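The chain below stands alone and is given as C-alpha cells, in the form predicted alone.
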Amino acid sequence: MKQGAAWRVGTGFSDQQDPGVALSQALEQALSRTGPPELTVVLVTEGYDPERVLSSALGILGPRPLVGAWVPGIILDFRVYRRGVGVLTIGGEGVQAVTHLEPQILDEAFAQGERLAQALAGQDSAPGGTILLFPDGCCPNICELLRGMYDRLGPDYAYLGGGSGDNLRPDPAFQFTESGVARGAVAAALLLGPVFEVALDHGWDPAGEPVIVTRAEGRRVFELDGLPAFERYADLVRDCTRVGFPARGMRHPLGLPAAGGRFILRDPVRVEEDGSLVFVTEVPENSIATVMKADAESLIVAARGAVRRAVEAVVAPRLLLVFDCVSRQSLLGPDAEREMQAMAGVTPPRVPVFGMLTFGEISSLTGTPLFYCKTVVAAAG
C-alpha cells in the first residue's frame, strides 16, 4: 500500500437519544465532507448501546473499515460532550485502512500484541503508517501488548490512541470494529496516507525526593525504598490515609524518569491490606520514581504547548486529534473549559478537531509505543 497526500476529513456529532438516529445524524455530517470513507472512527458515551450504533453504521457504510470505543467524553472542536455519538471519517486518494478487534486482553498480552500487529500489517508490502489503538484503559497489561506489537513491527510505524472506559466504572468498556463489539479488548486500525506530527505534555513536576521501587509485580508495587509501599508513599504525601486514598493518589502520581528529562506518570488507584499499592498500569521493579505535583495553570500550559507544537510542525493541517486524560478534567474541575480554550487558541481556524477523554494515552513520540497517564497527546496531520 502506498502513501498519499490527497485526503479528506469529516466530523459529526449527535446527542439524539436513539443510538441509531444519533449515529446516522453524526455520520451524515461527516460524510458530507469526505464522501465514502476509507476509515471511520466512532466514539460513543454511556447511554448508547454500541451494538445498535455499530448496526446503524454498517447499514450505511457496509463493511468498510471502522474502529471505535466507548469513552467518558468526546472532544469535537474543543468542546467536551459527556453524552452522545461522535464520528470521524477519513477518505480520498491514497488513503487505505485495515482494522482488527483483538479479544479480551489477558495474561498473554505480549502474544496478543504480536497477533494484532500481524493482523494489521502482516500483508503490507510497504511498511509504515499510523496505528490507531483503543484498548480498554482498565486492562492491566496494555504496556505488554504494546511491546508485543513493537516486537513484530519495529520502528516503521507510528502508534497513537487512548484507553477507553465508562466514567471510572470497574466493568470492562466496549471496543468495536466493523467485525463486531467486544469488552475488555483492543480495537485498532492501520491508517495509510495521512501522516501525523505528534506532541505531548502533562504539566507535572517532582514534589519531593526520589524513591526506588524495590519490589513490584506488574502494576502492583509492594515496596518503595525497602518499606511497604503505602508507608513510604504516605511519608512523602501529606495527609495521605487509606480512607479516600484514590482521590489523594490522583493528585500525587509517581513520575518515572524518561528520555529528555521528561517523566512518565503512573496513577496509584488503591491500597491493599498488605500495604502494597495498585497502579493504573505497570511500574517496573528497580525503577526510580518521584511523587509529582501540578496545579491548574501548569496543566493548562502543558496542554496548550502540546497542541501548539503539533500544529506548528505541519503546513496547513487538515486534522487535529486530541487524547486528553479524563483525570485531568477531574482535577481541573471548573478550569477544564479553560484547558480546552487554551488549546483552541493555538489551533489554526477551521481545522477539524476530534478526540476523546481517555483512560491512559498512547504515543510513540520517543520511538517506541508507550502508555501514558494524566497526559495530553496531540497529533496534527
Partner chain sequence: MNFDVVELLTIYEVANFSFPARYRDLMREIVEKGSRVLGVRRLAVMVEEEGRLITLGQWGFGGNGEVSSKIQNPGENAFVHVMSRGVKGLIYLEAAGRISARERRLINVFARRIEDIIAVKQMERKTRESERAFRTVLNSVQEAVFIFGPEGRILDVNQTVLRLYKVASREEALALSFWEDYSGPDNPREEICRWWNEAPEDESLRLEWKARRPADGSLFEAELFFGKISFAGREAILATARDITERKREEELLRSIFDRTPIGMYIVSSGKFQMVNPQFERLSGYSRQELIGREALSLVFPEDRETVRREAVRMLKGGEARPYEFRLVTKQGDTRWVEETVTSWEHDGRRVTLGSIMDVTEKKRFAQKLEYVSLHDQLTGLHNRVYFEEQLKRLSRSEEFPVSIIVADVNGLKLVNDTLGHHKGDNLLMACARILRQTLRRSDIVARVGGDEFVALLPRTDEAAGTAILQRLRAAIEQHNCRRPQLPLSVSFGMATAQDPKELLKEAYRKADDLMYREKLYLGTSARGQIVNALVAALAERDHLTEGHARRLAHWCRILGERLGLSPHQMANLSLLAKVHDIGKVGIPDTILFKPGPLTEEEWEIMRQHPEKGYRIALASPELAGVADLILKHHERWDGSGYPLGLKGEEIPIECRILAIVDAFDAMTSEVPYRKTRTVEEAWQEVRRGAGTQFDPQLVEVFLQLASAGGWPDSPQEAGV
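The model shown is predicted, which means the values in this text are computed figures rather than measured ones. Positions refer to the first chain, counted from 1.
Unshown form predicted in complex with the partner chain; subsequent notes refer to it.
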Query - the partner chain in the model of the complex: contacted by all of D151, E282 and G367, heavy atom 4.5 Å - result: yes
Report summary line: Answer among 250-258, 273-281, 299-307, 83-91 for heavy atoms within 4.5 Å of the partner chain in the model of the complex: the stretch 250-258
Query raised in the report: Quick one: is N141 in contact with the partner chain in the model of the complex, heavy atoms, 4.5 Å cut-off?
Result: no
Requested in this report: Could you confirm whether I264 comes within 4.5 Å of the partner chain in the model of the complex, counting heavy atoms only?
Outcome: yes
Requested in this report: Using a 4.5 Å heavy atom cut-off, state whether Q112 contacts the partner chain in the model of the complex.
Outcome: no
Query - Contact test in the model of the complex: R215 vs the partner chain, heavy atoms, 4.5 Å - result: no
Report summary line: in the model of the complex, the residue from G128, G184, P228, P206 with a non-hydrogen atom within 4.5 Å of the partner chain is P206
Report summary line: The one option of P246, G180, G122, P155 with any heavy atom within 4.5 Å of the partner chain in the model of the complex is P155
Query raised in the report: Relative to the partner chain in the model of the complex, which residues of 275-294 have a heavy atom no more than 4.5 Å away?
Result: E282, P284, E285, N286, S287, I288, T290
